[in-house]
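The chain below stands alone and is given in structure tokens; this is the form predicted on its own.
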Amino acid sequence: MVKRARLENILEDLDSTTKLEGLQSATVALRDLYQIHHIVYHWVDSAGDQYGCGTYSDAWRQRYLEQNYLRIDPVIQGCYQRFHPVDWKRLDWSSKAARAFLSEAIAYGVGNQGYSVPIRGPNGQFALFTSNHDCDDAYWNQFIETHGRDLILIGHYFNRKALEFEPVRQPEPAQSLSPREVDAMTLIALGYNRAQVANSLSISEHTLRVYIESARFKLGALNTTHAVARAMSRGLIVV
């Protein structure tokens, strides 16, 4: 409960910030909250400009830019082709260049584990929200199982705030959800599984699936988790 309250405070501070520095402060606070090595958010806006905030060392950021690692980074290459979060172990590290890159990243303190959430916004905007740590696979798998859902939502919070700094951003058209769709998405956001949601609403799981798919369509979401994040970011549901 204490960690949840701290997370809510961090997200409230992030939501209220009016400066890019607020995103940086949030990455530090989240790193400390989850007791991992790094939290990083990186976006490319509709004009092709890039911004990164996070807890990687200045030395690693400088090295990355000097060597133009963007062209070989398996995380960037792999996540750009995906819509779902990915554990770094599932990416293609088979090339000699990729293995050398990973070894150097670890030497610079990035950590041997990573989990990245790819996020797409309007007009070609692309972002990554990444968590890193140095630990064995068993610990990392448990960490992602416990916190993965929160990390996805946090990534979308970062992206919503980052988009506010886009100078020519066009407002996204809003579509309202029906009362039943709001109820369903709210319970899912609270962590209920589909059977529990259906039971709470006194409907069948088939009917629940219809509500969820309808909400996803209205929100332009890729999956249920994405739909929850969008509904929360637009104030359509409150948890």
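Since the structure is predicted, the reported quantities are computational estimates derived from the model, not experimental observations. Start at 1 and count along the sequence shown; that's the residue number. Heads up, when I say rigid core I mean the largest set of C-alphas that superpose within 1.5 Å between the two forms.
In what follows, reference is made to the form predicted together with the DNA, a form of this protein that is not presented.
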property: Candidate stretches 36 to 44, 23 to 31, 190 to 198, 57 to 65, one within 4.5 Å of the DNA in the predicted bound form by heavy atom; result: 190 to 198
property: Distance check, residue 186 to the DNA in the predicted bound form, heavy atom within 4.5 Å; result: no
property: Residue 224, heavy atom within 4.5 angstroms of the DNA in the predicted bound form; result: yes
property: Interface membership of residue 216, the DNA in the predicted bound form, 4.5 Å heavy atom rule; result: yes
property: Threshold 2 Å Cα movement between the shown form and the other one for residue 37, core superposed; result: no
property: Core superposition between the shown form and the other one, C-alpha change of residue 56 at least 2 Å; result: no
property: Exceeds or equals 2 Å, Cα of residue 187 between the shown form and the other one, core fit; result: yes
property: Note on residue 145-residue 214 C-alpha separation in the predicted bound form, which departs from the shown form by 3 angstroms or more; result: farther
